Every structure is written in C-alpha cells, then in structure tokens.
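In structure tokens, the next block holds one chain alone, the form predicted alone.
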C-alpha cells in the first residue's frame, strides 16, 4: 500500500493490507465507549474490549521489532488495555496523564475528570527509538535555573548545571483541549470532529519515538492530526478512517502543508 495516503475504509480490512513489521510508530486514538458518536457506541464493556483487542493484535504484528505504540483512552479502559498489551509481550514504558485544562466540570458523585490516559509501549524492551533531548520541557523555576547556569547546584557532592534546552519530559502532559483553544469571543464552538487531539501533544510523541523518514501509523485518524504532524516533521505516514467526511477533511489538511 502507498504511504503518505489516507485510506477511507474499515479499520480491519485496512490493517489486513499492511505489511507485517513495517511500522515504526503507531499512534492510536480509538473509540472510548463513551457514546460520543455512533462509532463510539458498544453494547457492553466486553464488546468494546473484543473490538479493541482485535485491532491491537493486528497493530502488534505490524510494528517493527524496534517499534513503539501510543494509545489514548480513559483511565478505566487503559487499565484493561495495559494488561492485555502486557499479556501479548509488549513492553510497558509509561502511563502518561494528559491534563486537559478543560474548564468547568460539574460532577458531584466523584472527583471531576480533567484528564485522559496515554499508554506508551514498545515491542522490544531495550532496542527502540526514544529521542529524549528532542522533547525537553521548560524548567519550572526560572530564577533558580538562571542562578545555576553560572555556579551550578550542589547535588550529592557534585555540581549540577541545567540543560539549556530544558528538563527531561515527565509523564504528566499539560495541553489544553482543542475545544478550549479554538474558542471564539470567549465561547467554545462545535468542532468538526468530537475528539481532536492537540498538535503539540502528537508532535511530542512523533519526535520522541520516531526519526526522519520513519513510517507512522495513524489509526482512527479523525481530523488527521497524526498524519499532518508526521508530514510536517519529515516522517512518512499511513492513515485510515471509515468516515468519508473526515477523510476529505484530512486530505485538505495534509495538502495545506
């Protein structure tokens, strides 16, 4: 199959056409079973997990031995997905918490939810891409870091000097939701897709877990953020969504680069 192309078809027929051990990085933003749209409705949790494990089995076979996988979901679903991926021999690296900064939530029976989970797994435990210096984050204390640049900070009998590019990336990611960043006149507007992901967050995954020219799988492509960011960052992509309107939107977005 051609790379750098959006395929508008069923996820399983699409995955069956891809070459085994051909994918360097898979970024999956799948259904959550939250009734967000018709594609996100399942009769039971068991039905949802049957669907989920079916496509994960295929994705695992498509990953290169050095490949990596990021998958979004709720914390509840992610707990089950983590256990399944572990049982399939995938290697757990991180449970990433996406702090969405998503504004007011009026939940009165439990703590208000303001986060989503991203699981990071690799096919090999030791040989995989992770470009830690490409995704450094700003230090929290500007004043302390500025002072340390000249004299350093004493740690365990040694002088530590801050990295000019920032600190190593943590497993808590603060990105406002697209719904909030696309406000007009202080009001949220209806998105073209109910669950778009921030470009900066997807870019972080691509920069960390792939290199120039690598092939990135954008499954359940939606608005095509992964495909778009892959092209922008000099990676190849192959993407799939079964909604014709979304595929048209993705192609327009890709062609704008």
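Positions refer to the first chain, counted from 1. Keep in mind the model is a prediction, meaning the values are calculated, not measured.
Not on display, but discussed next: the form predicted together with a small molecule.
- Among heavy atoms of residue 242, some come within 4.5 Å of the small molecule in the predicted complex.
- When contacts are judged by a 4.5 Å heavy atom cut-off, residue 193 counts as touching the small molecule in the predicted complex.
- Remark: residue 230 does not count among the residues lining the small molecule in the predicted complex, judged by a heavy atom distance of 4.5 Å or less.
- Within 4.5 Å of some heavy atom of the small molecule in the predicted complex lies at least one heavy atom of residue 11.
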